[in-house]
Ligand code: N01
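Starting off, we have a lone chain in the form predicted on its own, written out as structure tokens.
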Amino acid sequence: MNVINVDHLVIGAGFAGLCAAIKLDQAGECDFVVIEKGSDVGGTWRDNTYPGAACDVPSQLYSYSFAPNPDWSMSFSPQPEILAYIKRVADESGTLDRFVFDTLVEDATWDDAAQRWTVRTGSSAGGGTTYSARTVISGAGGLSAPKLPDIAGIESFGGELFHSAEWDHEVDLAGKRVAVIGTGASSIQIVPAIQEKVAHLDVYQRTAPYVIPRNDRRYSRLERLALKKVPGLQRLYRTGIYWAREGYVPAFTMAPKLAMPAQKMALANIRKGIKDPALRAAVTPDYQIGCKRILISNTYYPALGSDNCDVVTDPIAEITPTGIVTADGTARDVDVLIIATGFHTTELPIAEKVTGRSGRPLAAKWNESGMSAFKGTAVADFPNLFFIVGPNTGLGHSSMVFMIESQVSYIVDALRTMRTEGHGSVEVTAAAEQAWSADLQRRMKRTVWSSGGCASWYLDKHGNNTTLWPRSTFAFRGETASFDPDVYTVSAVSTTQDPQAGPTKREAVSS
């Protein structure tokens, strides 16, 4: 068996994996490989190419702090610009020589004697490679595995069917009868983008979202020039946006009534965009704002109110070869079925591939009590495994890039500690992980996500919110400021490893 020895194996080449690669390189931990299932960097922003795809976090905040971009065209960036930004940063980072694309993780198993992970991969071209890695850093993320709804007959549909994250650009929607299942973040961008092209559009709504106005605008040439040329201006602009966003935290986590102005704004957005009283009632949420993700759009409601669009609120009973049948018995013909039902967020697919010290898969552990990880990063029984954008690191108000940079800083400090202190393995204690999780769930009880009266993708099958962070982002930055070995079980480096040696030359060995 051909095995490639490497110090660090990074999974995923989106914002998280790229950040890890850059910071590992800067820290002198240069012997790493980044494996990516796709054919290029970009992650979510490479895969989600549906019409209207854009970010709902301000552009100046949705970028690396160490790689500002003065060339954003809009205050909220469209998908092509975000992908172009990620590609540029990757090209300029000097790390792409250690990226391996079109490569999937088959399984990852911890070898306690060797203090290393054995990771088998498969290639889309056939074959595969096995890596022996001192550490594994997962940047696979929670928005990487599209989730199809469990609807009877879906496999029998005879028309075109695809998920929003796997958009089929070969399908011409012009003059077609189209159905969109779901009314989340992707759907509210897709619906207005395709409504005028199709003959008829049915939008299947299970729960109405709150949609506030998208206060977007195009940057003038003078503004972009100033952001590029005036020293400190872009950082000041970014800082102002950051603290304005942090001002939303109390409304989500402690005092939901503070969000009443936003709720009134969303209801006014409905009145402005829809004239029909019955349709207004159908799309008005019956829960507290913030309980589900707050969405932004100026065009969603007008699209729903157009003559060629119907909002269907009756539950779907089945999908037939020719269309959709709802619980009231109504059958609607469909040519193209678009699934916009989100991702596997409360059961990360990568967990099915990872087996820890005890021989138990991570998915089995999380299936019993729900996802948990100390600081969203480390899991008991899984030494030298670090997550980026792990459990309870998601945000409802600000940029995930901030959280990614915080976790990467923590991981890099952990690796520095391992090397300088001669640790062959570090494993967070079960007590520390449990205490961390218990504190998070205690804090969750007072948040709008738990008390707002809705069912959302934030919650797992146990009713726990295992996706979001219930505090400020600067509190998370403080928690991850430095590695804390006192809550880890550490093992001395084995005789086959030299902790004082610099990054080793990657080599292939046969066994």
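Throughout, we count residues from 1 along the sequence that is shown. Just so we're clear, the structure is a prediction, and the values are computed from it rather than from any experiment.
Keep in mind that the form predicted together with this ligand is missing from the display, and what follows is about it.
Of the heavy atoms in I151, some are within 4.5 Å of this ligand in the predicted bound form. In the predicted bound form, at least one heavy atom of K292 sits within 4.5 Å of a heavy atom of this ligand. Contact check for G182: a heavy atom falls within 4.5 Å of this ligand in the predicted bound form. Heavy atoms of D56 reach within 4.5 Å of this ligand in the predicted bound form, making it an interface residue. For the candidate set Q195, Q407, T135, S186, a heavy atom within 4.5 Å of this ligand in the predicted bound form is found for exactly one residue, namely S186. Comment: this ligand is not present in this chain, but in the predicted bound form one of Q288, Q441, T207, S75 has a heavy atom within 4.5 Å of it, namely T207.
The chain is drawn here without this ligand; in the predicted bound form, the stretch among 363-371, 115-123, 255-263, 199-207 whose residues come within 4.5 Å of it by any heavy atom is 199-207.
Residues of 436-464 that come within 4.5 Å of this ligand in the predicted bound form, judged by any heavy atom, reduce to W457 alone.
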